[in-house]
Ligand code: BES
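One chain comes next, on its own, written as structure tokens: the form predicted on its own.
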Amino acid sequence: MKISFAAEAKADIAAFLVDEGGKLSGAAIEMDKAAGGLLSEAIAADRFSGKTGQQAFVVLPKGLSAKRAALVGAGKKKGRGAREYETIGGAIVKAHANSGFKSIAVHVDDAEDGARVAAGAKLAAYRFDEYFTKLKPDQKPSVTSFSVVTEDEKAARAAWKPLNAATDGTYLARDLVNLPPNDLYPGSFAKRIEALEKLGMEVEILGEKEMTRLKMHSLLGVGQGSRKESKLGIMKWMGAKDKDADPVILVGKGVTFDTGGISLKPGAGMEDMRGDMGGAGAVTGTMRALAERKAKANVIGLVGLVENMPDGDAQRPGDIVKTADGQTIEIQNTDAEGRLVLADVLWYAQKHFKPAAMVDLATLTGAIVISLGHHHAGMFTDSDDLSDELSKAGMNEGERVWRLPLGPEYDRLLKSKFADMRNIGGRAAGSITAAQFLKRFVNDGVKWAHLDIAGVAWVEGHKEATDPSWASGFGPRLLDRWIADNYED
């Protein structure tokens, strides 16, 4: 769907925001006069009050520039912010995408508010239907253009530029999580990363031979039961004035399919484990957003890409592996594999770069879903500053995080009889012990946070209009905003 900004626009559908109270204003009044009062009549007949989520549609007489008018409830003006305007944009697209009409023009007075309406519209327009072969025309969206009509179109375009890049990152993250595991595996994921070089990003891919030389046996152990070669993807965007300045490091778990390995998951619902690379998808989407908008920051994204399969060569419960930094891990459950991947990737990140700050993202534990449901990612960090930065960015972009504790009492739950640690800590505090495990691979003094996104990377059931697909694409908007607010020149 093409998105544009203009002082005037002709479209099949003319949409107008109506504050709670139901009074028309601005362009809507002009349209009402031209239509002989039909908009005012529709408000009265439909008991339309302008509450958030309400919409009233009016068929317009011939001779006007539009064929239909849409009155969109915008709620109370006081306290209305970016999220509300994105919700409005999403609601418009959801209501009209399959209407048969091709174009929408929505009138928004403020330029920045208009850019947010456009962002919501774009997020709502996302579709993942490339595997459908028998869709009928009326099952496909008809709307191909969405215009925001605002007086200061130049300011609207300026506000839209970073939002457009961030939503492109969200689209990429959604695509990656939605892709089936026969088409998205470590090697094919790596090729999609390499495609980002056209945006000016530097990409390096390590295979099993290189990782074996680096003694990354924790990561390699997870993938040893698969016929698909494990990979480490490294994406560099060095956009700061000082190319030698310490970079922000983003690390993502990329288990492209997780059977649980020898500790096999139940069959019911296992198909959802196509999404166990949501952390890697978030990092890749973020890197795309940064490169697209030419962010003035040095950022390096690393993704550990593996497939966890049960096989005669697969890792066993009871195995002891040595990580790249020399620590040993007793494997007690092969389904606690994401932390094993991240352990070596975190080591690599700190060995080869000096992080200004480091954030890892992973669909790591089912326990975080029990704790926080599907509305917040779990955040673990010892840095109050980093916690505040991520919390603020998450609130501003609608990808919220909630801080949970770390501490030595939880760390003790990882004690092993045979090795430096075991890879599970028992049923109690499962998300916390997973974070404590990762912390053992973070060097002293490094500003680090772990985000457990298992509850937000994909969501079943009720969905907002701006989140129309199984995969939410959580992460790029949060991280892009965090970097823009705290680490750009």
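Counting begins at 1, following the sequence as shown. These figures come from a predicted structure and were not determined experimentally.
Below, we refer to the form predicted in complex with the ligand, which is not included among the displayed structures.
> Tell me whether 276, 336 and 454, taken together, all sit within 4.5 Å of the ligand in the predicted bound form, counting heavy atoms only.
So, yes: the whole triplet contacts the ligand.
> So which stretch, 175 to 183, 347 to 355, 310 to 318, 366 to 374, is the one near the ligand in the predicted bound form (non-hydrogen atoms, 4.5 Å)?
Of the options, only 366 to 374 has residues within 4.5 Å of the partner.
> Select from the listed residues 28, 438, 424, 58 the one whose heavy atoms reach within 4.5 Å of the ligand in the predicted bound form.
None of the others qualify; the residue that does is 424.
> From the list 215, 157, 392, 265, which entry has a heavy atom within 4.5 Å of the ligand in the predicted bound form?
Only one option qualifies, and that one is 265.
> Verify the contact flag for residue 258: yes if a non-hydrogen atom of it lies within 4.5 Å of a non-hydrogen atom of the ligand in the predicted bound form, no if not.
Heavy-atom contact with the ligand at 4.5 Å: present for residue 258.
> Can any non-hydrogen atom of residue 253 be found within 4.5 angstroms of the ligand in the predicted bound form?
It does: once the ligand is placed as it appears in the predicted bound form, residue 253 has a heavy atom within 4.5 Å of it.
> In the predicted bound form, is there a heavy atom of the ligand that lies within 4.5 Å of any heavy atom of residue 448, even though the partner is absent here?
No, residue 448 stays farther than 4.5 Å from the ligand in the predicted bound form.
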